[in-house]
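First, one chain by itself in C-alpha cells, the form predicted alone.
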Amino acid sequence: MAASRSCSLWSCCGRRWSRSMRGCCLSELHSSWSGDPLGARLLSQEKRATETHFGFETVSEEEKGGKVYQVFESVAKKYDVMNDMMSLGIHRVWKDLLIWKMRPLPGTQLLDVAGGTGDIAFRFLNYVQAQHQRKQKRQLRAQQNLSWEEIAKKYQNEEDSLGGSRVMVCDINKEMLKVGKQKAFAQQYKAGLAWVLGDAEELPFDDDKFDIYTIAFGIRNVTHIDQALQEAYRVLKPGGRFLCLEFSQVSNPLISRLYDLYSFQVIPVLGEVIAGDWKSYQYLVESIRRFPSQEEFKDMIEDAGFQKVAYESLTSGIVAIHSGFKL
C-alpha cells in the first residue's frame, strides 16, 4: 500500500515537475528565438495544451469551468424532472444499481462528489438504515429470553438509526446544492447527511478520510479528469472504493444510431420545452460523445493508482459503472 501511494506521489510530482520545466523551456525559447519558426511552433503547442472541449466546442481550460457552472446553475431547478424525461425514468434504476453494487455496511463514510441534488446520498441513507434495522432485528430475535419491556427499551435507546454511517455531498455548484438541501428537508433527511461546496479537482478534505467515493454523471464535466481521479484516490482510506456511474459508449451499431437520433433530435427539444434551455442540453449530449470509452476510462482510473479496476455496462453501454480500490 505504501509503495503504491509512493508511486502515485512520484508520478504526480513528476508530472508537475515536467509541466513546470516545459513552461520554463518554452519561456526561454520565446525570449531567445522569438522570431524563429521553431519557437513559434512550440508556443502554438503550448497554447493548444491549455485548450479543452466544451461539448464539440474548443475552449480554454479556464473558460470551460465557467461554462459548465453556468449550465448547471441554469438547469438546477429542473434537473431531476429532466432526468426523468430524458431517460424515461431509467436513471433511477441505474442509481439503484450503483448502490446495490456498493453494498455499504453500517458505519460507512461516503463522499458523493457532484451529488448536488442528493439522489445518490438519499439512496445510500435508505440502504444503510434498512441494513441497520435488519441487523437490530436479528440481534433481538437471538435474545429470545428478553421481555417485551426490554425489547421496547432497546428500540427507544437506539439513537443512531444509520449505525454510524455518514454521507458528505460535495458539489461545485451552489444552485445544485440548494436544490439538494430543499429535497432533503422535504423528504425529512437529517441524520448522517452533510453538504459542502467543493471542486472535484481540489477536494476540501484530508487524506485517507472516506470509505467510498462516488460520482454519478459528473466526472465528464470536470476539466481535468485525471486530477479528479487523483483527488478521489487521495481522500479514500486504504482499502477504500471508487465508484463512478457515467454515460459511456453504446456497443450495438443499431442501438447506437437510434440513441444518437434521440440524443440530438429529442433531448435538446425537451430541454427547451421543460427547462427553457436548449443550449445546456445540447452540451449534455455533446459531452457524452466526448467522454472516453469504457476501456479508456478504466485505464485512466488505473493510472490514478486504483487497483482491481472493473466496469459493467448497462442498457447496451449507454451508461457504465466503473469500480476501483485503493489498495
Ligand SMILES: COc1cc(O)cc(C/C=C(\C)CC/C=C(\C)CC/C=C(\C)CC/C=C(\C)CC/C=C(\C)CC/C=C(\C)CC/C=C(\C)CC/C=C(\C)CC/C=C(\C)CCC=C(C)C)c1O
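Keep in mind that this is a model prediction, so the values were computed, not measured. The first residue of the sequence shown is number 1, and the count goes up from there.
The protein also exists as the form predicted in complex with the ligand; that form is not presented, and the subsequent description refers to it.
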Is this site open or blocked for the ligand? Place it by superposing the surrounding C-alphas onto its pose in the predicted bound form, then apply the 2.4 Å backbone/C-beta contact test with a threshold of 3 atoms. open
Please determine whether Q294 contacts the ligand in the predicted bound form, using a 4.5 Å cut-off between heavy atoms. no
I'd like to know whether K181 contacts the ligand in the predicted bound form, with contact meaning heavy atoms within 4.5 angstroms. no
Would F72 show up as a contact with the ligand in the predicted bound form if we use heavy atoms at 4.5 Å? yes
Any of the heavy atoms of M82 lying within 4.5 Å of the ligand in the predicted bound form? yes
Options 100-108, 253-261, 235-243, 184-192; stretch whose heavy atom lies within 4.5 Å of the ligand in the predicted bound form: 253-261
Sole residue of M86, M168, L162, I212 within 4.5 Å of the ligand in the predicted bound form, by heavy atom: M86
Triple contact flag V266, S280 and S316 to the ligand in the predicted bound form, non-hydrogen atom at 4.5 angstroms: yes
For the stretch 94-111, I need every residue with any heavy atom inside 4.5 Å of the ligand in the predicted bound form, listed N to C. W94, K95
